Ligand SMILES: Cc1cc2nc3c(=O)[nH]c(=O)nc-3n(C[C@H](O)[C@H](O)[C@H](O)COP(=O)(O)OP(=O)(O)OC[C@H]3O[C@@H](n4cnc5c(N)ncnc54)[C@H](O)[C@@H]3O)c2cc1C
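Take a look at this single chain in structure tokens; it is the form predicted alone.
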């Protein structure tokens, strides 16, 4: 049985990000993936001149760490920026209405009543910080009133995160807003202070993709020197070992058994739960209790002349009260170039989620009909699409429902009992590509701390002490 310093189970964005940050510090990493492809749900497909994304289609960034990673991967010149002049739409009373992004715009917008606007502007006068574990709905109603929830926040949470604002925990789903409230007593005051002090890019997030789609990012990270990726690896068992962890797996070429000093489980919560069931039953049950929303992604290509809407925005989101089959729709050809052939356009719709989980039980033809039915009236589509592709994710996104921070605290408490074991999945720390990369860096820092400590402990008995970067040197 061979030994290694770090094994990461799962070659999705979380696992690859952890591996990439480690590799930058000279730590050799093995990434074991059960599928023949890497990237998890992130997958770019090019067919008949249309470029579509199976899951995440773009990256919204305000973190300098992500800028550095992209630069180190040599992807700066491959970035495709979203045009600054694109509108953001929501479905409101059966019509698509643009969402204002300034206080002056809110004052003029037909999305809210005069009473609703006054309530939102009075946010700075709201005192108190709410109950621990309050839902998104409770939090937004308390701070801004019900109209802000129904018109803006509900579509974001339901459409972008496939979640339910009545069940989703505000601290987990809207951590930046909760932080502003906790720090300044008011979200409005926090935004103004950060703007005056120019802290981070609070209102200037960089939105982009890549010439080759999001898979270009995955491939660039995986190609970093020091990362060894093994595909088609089925993990059978993990168990603690005096030198770390034993990992037993099957491959098309036979059994694979290895001891590793640091083990990262970058798999869906239910998969991690199964692997840990014989080691820590309560930890396994906590992970197994995390719910996922099923999501269908419908890609449709049209002749541009078939659509009467100007498509002058990023797309639109749908609030629960509007009862549309879609949760949202992205106008990919408006966002980025070369997503469709010349004279064509690509529209990507999202169905299912916590709002309509049963949608994924429908056969393809009915699911496609449901998706197209909502688009035709809103965008003035006069014919059937010339290109259709459907991606189904039965465990699409984790739902941060209930007392979620308390659940994560219990998980971390159990995890602290096991030396060298790390969990890094999108069920903790945010589901976006930006946050997965950032959480990968945090996990890598923890691993380097452990390896550095282990190296010091071994120095008394070995003249060849392994050298690892200290955490402060992690890019």
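Positions refer to the first chain, counted from 1. It should be emphasised that the depicted structure is a prediction, and the values quoted were computed from it without experimental measurement.
Quick note: we don't show the form predicted in complex with the ligand, though the next part is all about it.
Residue 55 is the only one of 27, 55, 421, 70 with a heavy atom lying within 4.5 Å of the ligand in the predicted bound form. Of the residues 168, 91, 297, 111, just one reaches the ligand in the predicted bound form with a heavy atom at 4.5 Å or closer; this is 297. The stretch that touches the ligand in the predicted bound form, counting heavy atoms within 4.5 Å, is 227-235, out of 227-235, 302-310, 178-186, 126-134. Against the ligand in the predicted bound form, the set 9, 268 and 350 is in full contact: each member has a heavy atom within 4.5 Å. Within this chain, residue 429 is remote from the site of the ligand in the predicted bound form, having no heavy atom within 4.5 Å.
Taking the partner from the other structure, the ligand in the predicted bound form has a heavy atom within 4.5 Å of a heavy atom of residue 396.
Although the partner is absent here, residue 410 is not a contact residue: none of its heavy atoms lies within 4.5 angstroms of the ligand in the predicted bound form. The closest non-hydrogen atom of residue 41 lies within 4.5 Å of the ligand in the predicted bound form.
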